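What follows is one chain in C-alpha cells, specifically the form predicted on its own.
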C-alpha cells in the first residue's frame, strides 16, 4: 500500500556547495540519498514530493561539513499481510516462484499454488494446469495475496499465495 508521510533526516553538506544554490544542493542530495531506499518502519521511499522545512545548519568540528535537519514529504510503499498485489514472475523452480511488485520480492511456495498446477522443468520452467490452459512462467503477470511479511532494517520480504478466488495469472507473455 502507498502512503504519503512526513519524515526527517539530518543532511551533511560539504562547504563547496554553500552559496546561492544551497537549498537546491541540499534537496538534490536528499533525493539522491533517500529515493529508492527502504526502512523497515516506513517501507520503500518511492519519491520525495516536497520539502517542509530546512533547519539551521550546525557546523561539524574539524571537518567543515554542516548538518542540516530537513523535514520532507514523501510517498512510501509498504506491503501488508492480506493485501492483494499484481506482480511479475522473475524466477520459477520446483519449490515455487519469485515475483516482484515494484521493489518488493514475493515468494510463492508450491504449497500455495493451486493443486491442479504442476511444475514442468525444461528450458523454460513453469507451472501448468493439467489441460495446459494456464501457465505461470518467467515474465507472467500474476495477482497474489500476501500472507506474511518479514521486515529487516533495510529490506522487506513477503510470502504470497495464489490459492484463493480471483488470484493467479492475469497476463501470460506467450499469448501476446
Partner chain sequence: MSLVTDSPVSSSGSDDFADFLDDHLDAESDNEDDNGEAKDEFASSSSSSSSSEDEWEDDDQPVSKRTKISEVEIVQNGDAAEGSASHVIVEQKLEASSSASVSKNECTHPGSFGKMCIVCGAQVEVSGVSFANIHKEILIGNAEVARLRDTDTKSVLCRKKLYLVLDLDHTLLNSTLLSHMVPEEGYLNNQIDSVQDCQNGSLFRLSFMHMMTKLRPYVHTFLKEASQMFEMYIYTMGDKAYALEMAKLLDPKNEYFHAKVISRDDGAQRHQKSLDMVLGEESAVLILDDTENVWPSHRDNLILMERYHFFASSCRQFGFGCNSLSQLKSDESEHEGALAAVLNVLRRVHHIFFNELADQTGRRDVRQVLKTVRKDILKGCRIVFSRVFPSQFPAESHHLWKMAEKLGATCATEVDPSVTHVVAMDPGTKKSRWALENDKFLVLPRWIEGANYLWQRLPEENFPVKSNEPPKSEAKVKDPDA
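Positions refer to the first chain, counted from 1. Nothing here was measured: the structure is a model prediction, and the numbers come from that model.
Although it is not shown, the form predicted in complex with its partner chain is what the next lines describe.
- Though the partner is left out of this view, residue 149 does reach within 4.5 Å of its partner chain in the predicted bound form, counting heavy atoms only.
- A residue is said to contact a partner when one of its heavy atoms sits within 4.5 Å of a partner heavy atom; residue 41 meets this definition for its partner chain in the predicted bound form.
- For the chain shown alone, residue 122 is a contact residue for its partner chain in the predicted bound form, at least one non-hydrogen atom being within 4.5 angstroms.
- Contact annotation for residue 29: none of its heavy atoms lies within 4.5 Å of its partner chain in the predicted bound form.
- Although its partner chain is not shown here, in the predicted bound form the stretch 86-115 places heavy atoms of 91, 93, 94, 95, 98, 105, 106, 107, 109, 110, 111, 112 within 4.5 Å of it, in sequence order.
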